[in-house]
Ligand SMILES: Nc1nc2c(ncn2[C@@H]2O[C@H](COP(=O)(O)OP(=O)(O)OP(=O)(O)O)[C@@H](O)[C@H]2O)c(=O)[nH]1
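Before any questions on binding or motion, here is one chain by itself as structure tokens, the form predicted on its own.
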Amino acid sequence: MTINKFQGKTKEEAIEKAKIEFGPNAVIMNVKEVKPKGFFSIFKSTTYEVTAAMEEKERFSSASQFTGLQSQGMQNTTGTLNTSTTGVRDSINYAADEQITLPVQEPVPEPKPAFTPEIKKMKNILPKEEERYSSSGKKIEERLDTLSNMLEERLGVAQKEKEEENAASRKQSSEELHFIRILYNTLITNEVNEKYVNEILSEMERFMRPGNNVDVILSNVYQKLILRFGEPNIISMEGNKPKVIFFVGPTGVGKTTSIAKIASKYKVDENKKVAFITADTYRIAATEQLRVYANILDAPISIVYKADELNDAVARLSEYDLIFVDTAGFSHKNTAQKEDIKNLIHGLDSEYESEVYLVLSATTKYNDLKDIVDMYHEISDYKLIFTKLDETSCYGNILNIKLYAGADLSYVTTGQNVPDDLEVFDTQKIVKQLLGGK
């Protein structure tokens, strides 16, 4: 007997596959509904599994063949027969296992009375052989019954083992689902946008299999977040000097302080020559604040009032490695000031290399941040600096804006101290905090 399993979207489809494989006489042993597993099983449809069997018939010599053989043997036994009874028995024994054709002897005269006892002896033998043949058939039937019982017992053991395995799998799946919910709530609490949380956790389904514990899931979520943040992209010192660095962003995010921190890093730590240009003439105190930092670093400072004055100011500072340009902060709804900043950045002569950094506060609401980055995308491509990380315990917006804007992260600030409270963006540190670590 051959047993196999067939699956289909419906019972009928699974049964039809079984009949195609085994033929119309296939025996349907079991029909089972298979429900999908996993955290996102709600989005998968149910399938059906059919267990079918096919009987394999064995060939045995028929009773009619044996009867014909017996008749033929009797007809060919004549008065001139010289074969012993043992030879006849051997021929009959062989016929019980395989159909044969005995040679037809030539017609002989009527048997003489002297041979009558031999014929009677043969007649006594044949019924015994029929009994032995019948006994062999019973033994075969008993063997088939034994094999059938063994098969049923093995199927029962296999079914029990499968049920135990499924129970263990369900228990493990329950633990994994509980852990996934914890991760979900942790990321949401850290203000990661639900859209990005679902994208990350949906990729975890393929890791939820027997043998994988919650550590495997956590490790993969950690890796996914690391990849989404990417490596920090900071100021490059390659290429011709001077390199002009523009700092843009809304009011009150800490642009001027961030400029002073970064300039101090390159002046003190890397011994680079730095200079300052301010185009923020809207705020009276802005110029004085930057002048104080310039005096501390013993760096020159220039003021430009119009976009077309920028190239002259840069030319006067051409011997310096880095020129930091402070721009006016403004509302992302102010179209006139947006155009002024755009003209300033794109008015720089092409012989000078430049980079643009958009400074954002980590305390700003996500919807406002989206409006800000959309507006500055109309001005120029940029890298991201996040300030005021010391004023919030939720860092989800850093990931949200990184994924929304598609811009590289560079620096973060964690206080007002210059130059101490400045760090290159630490991807691993932020990911650990997003996952509930410290």
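Note that the coordinates shown come from a computational prediction; the quantities given were computed from them, not determined experimentally. The numbering used is simple: start at 1 and walk along the sequence shown.
Only in words, not in the display: the form predicted in complex with the named molecule, which the text now covers.
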Which of these residues, Asn213, Thr251, Asn343, Gln223, gets a heavy atom within 4.5 Å of the named molecule in the predicted complex? Thr251
Quick check: do Lys265, Glu270 and Ser410 each get a heavy atom within 4.5 Å of the named molecule in the predicted complex? no
The stretch from 26-34, 365-373, 381-389, 395-403 that lies within 4.5 Å of the named molecule in the predicted complex, judged by heavy atoms, is 381-389
Consider Thr414 of the chain shown here, and say whether it contacts the named molecule in the predicted complex, taking contact as heavy atoms within 4.5 Å. yes
Determine whether any heavy atom of Asp280 comes within 4.5 Å of a heavy atom of the named molecule in the predicted complex, and answer yes or no. yes
Should Gln289 be counted as a contact of the named molecule in the predicted complex, where contact means heavy atoms within 4.5 Å? yes
Pull the contact list for 310-342: residues with a heavy atom within 4.5 Å of the named molecule in the predicted complex, in sequence order. Gly329
